[in-house]
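Read the single chain below, which is given as structure tokens and is the form predicted on its own.
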């Protein structure tokens, strides 16, 4: 791999460029984005220079789409006639079924991807070479055999050298799992913060809060424009996850001082420990 094109040089795209450099990539990294985003990415050394989509795609061995979901879907058809022979296209979109459908004309030249990494800040100014360290990096191949192709194996090697942990799923499995593990936490945090903001005295509620409420509402800092595409392209799985929460809350509300509350706390602690394998009481 000699040349990489990063389409969308925001937080994820620029962090990917920095992670490649830290992992030992010595080739050229091109950026495709707005002038402002390109300049920020050049300043933080995530990319070497800006380029048009067509010129970048025609000269790159890897095209990394780190845009919004709708922008990824719009970009994919434009790559069909300008992609370098033997190149791989991958993405960092948060849902996969719709993107894989849009990428079908590219065949094995496209590999779905989703790094489970991020932070509250946006843009290249917040990019980190270590953003993917220890994080799951989900790949959604169009078929199991695709993972054995040379250009896919090469990409997997770079992802692992960048510090991420590879997870291979189908697009349907991905969308179902992240609906609960990623999309649901966002909506719960947003709903909690929104409920308190619309309460009789939100300032008073904030004045007596402790660190728990601050932790619970961190995700509520995210804006709707980032999540709009996710809600639209994974609405069925998100709705199913929300229905499960509604059922559990209904049971808890009817039995706040009974076994339902005790059972909920026990199960909640068990799952929390799954996320913290080294935790000690």
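Here the structure is a predicted model, which means the values were calculated and not measured. Residue numbers count along the first chain shown, from 1.
Not on display, but discussed next: the form predicted in complex with a further copy of the same chain.
4.5 Å heavy atom contact with a further copy of the same chain in the predicted bound form for all of 28, 37 and 42: No, because 28, 37 and 42 lack any heavy atom that approaches a further copy of the same chain to within 4.5 Å in the predicted bound form.
Stretch in contact, per heavy atom within 4.5 angstroms of a further copy of the same chain in the predicted bound form, of 46 to 54, 29 to 37, 242 to 250, 61 to 69: Every other range fails; the passing one is 242 to 250.
Answer option from 83, 159, 73, 138, heavy atom within 4.5 Å of a further copy of the same chain in the predicted bound form: Among 83, 159, 73, 138, a heavy atom within 4.5 Å of a further copy of the same chain in the predicted bound form occurs only for 138.
Single option in 149, 172, 205, 130 placed near a further copy of the same chain in the predicted bound form, where near means a heavy atom within 4.5 Å: Partner contact (heavy atom, 4.5 Å) among the options: 205.
Residue 165 within 4.5 Å of a further copy of the same chain in the predicted bound form, heavy atoms: Residue 165 belongs to the contact set for a further copy of the same chain.
Residue contact check: residue 101 to a further copy of the same chain in the predicted bound form, 4.5 Å heavy atom: Because no heavy atom of residue 101 falls inside 4.5 Å of a further copy of the same chain in the predicted bound form, the answer is no.
a further copy of the same chain contact in the predicted bound form: residue 153, any heavy atom under 4.5 Å: Flag for residue 153 set to no.
Exercise: residue 185 in contact with a further copy of the same chain in the predicted bound form, heavy atom 4.5 Å: Although a further copy of the same chain is absent here, residue 185 would touch it in the predicted bound form, with heavy atoms inside 4.5 Å.
Neighbours of a further copy of the same chain in the predicted bound form among 182 to 199 [non-hydrogen atom within 4.5 angstroms]: Those in contact are 184, 185, 186, 187, 188, 189, 190, 191, 192, 193, 194, 195, 196, 197, 198.
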